[in-house]
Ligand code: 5GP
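Given next, in structure tokens, is a single chain: the form predicted on its own.
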């Protein structure tokens, strides 16, 4: 973790600031970015929030959503903002390649870069200051700490708290993963700010379209493969499946967790096909490290129990590769 004092000094006077996050931002990415947007604006800074791509519809209820600029829709405007920035925040990602298609703009930026993230192995030299902790539940938890140190927890208002709670809730799988005692103290403080927990949970978890619900049912009945001898199950999705169910950004959010709900199972994966490559998401229980699995076999990484990877093989060949790897991990998955 960087020393907070130089950053406090840097932010003492009004600055042109750009907030960035990763491609297809999730609840933690948007929650941390929007919370920081509100804080920095109230501190008198000129702040822009740019996401590389669009994000899930169910996150558009977050306060400040109307201020988000989507890079792929406004590239010239965004490039100018990044080029003119004095300070660039890097939120919930640890390498420019995770922010495509705006990675080049980020790399060219001469702004002071401040990284706030909880993912493993940040790229060396990416960020002049790094507020980085892999033990944190989420980037939202780290943004709460960042704001508290720059100013104090008292400045966190209802808008900021709503954003931070949403990110914490989604990135912990509704408080199931990466939990620590201090996190509950933070959440208690956020609740005291007057947030509407019922509304947040309804917006995030109970606003399915009919297509999304039917997509979920289809995946569980037609696209799930189960390997009880390895306590492993995975779901695969073909490109035509996305088209059939009128897929919208965010419709597969949380899908990877369903196979892990099988009694005794310790390893789950979601394998999806698109034009350029096959993407994989991994989840695990206990000591089985999907981070190591993803790094070793699928050019990926992440957290111990939640990671992702990529494959340039076909979908069928990627599935075959995944299945063929399971015997190597039989002892870890069945002990």
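Just so you know, these numbers come straight off a predicted model, no measurement behind them. Residue numbers count along the first chain shown, from 1.
Beyond what is shown, the protein has a form predicted together with guanosine-5'-monophosphate (5GP); the following relates to that form.
- Only one segment in the set 64 to 72, 50 to 58, 34 to 42, 294 to 302 has residues whose heavy atoms sit within 4.5 Å of guanosine-5'-monophosphate (5GP) in the predicted bound form; it is 294 to 302.
- None of 119, 193, 212, 113 but one reaches within 4.5 angstroms of guanosine-5'-monophosphate (5GP) in the predicted bound form through a heavy atom, and that residue is 119.
- When guanosine-5'-monophosphate (5GP) is considered in the predicted bound form, residue 279 lines it closely, a heavy atom lying within 4.5 Å.
- In the predicted bound form, residue 309 approaches guanosine-5'-monophosphate (5GP) with a heavy atom inside 4.5 Å.
- Using a 4.5 Å cutoff between non-hydrogen atoms, residue 223 does not count as a contact of guanosine-5'-monophosphate (5GP) in the predicted bound form.
- When contacts are judged by a 4.5 Å heavy atom cut-off, residue 159 does not count as touching guanosine-5'-monophosphate (5GP) in the predicted bound form.
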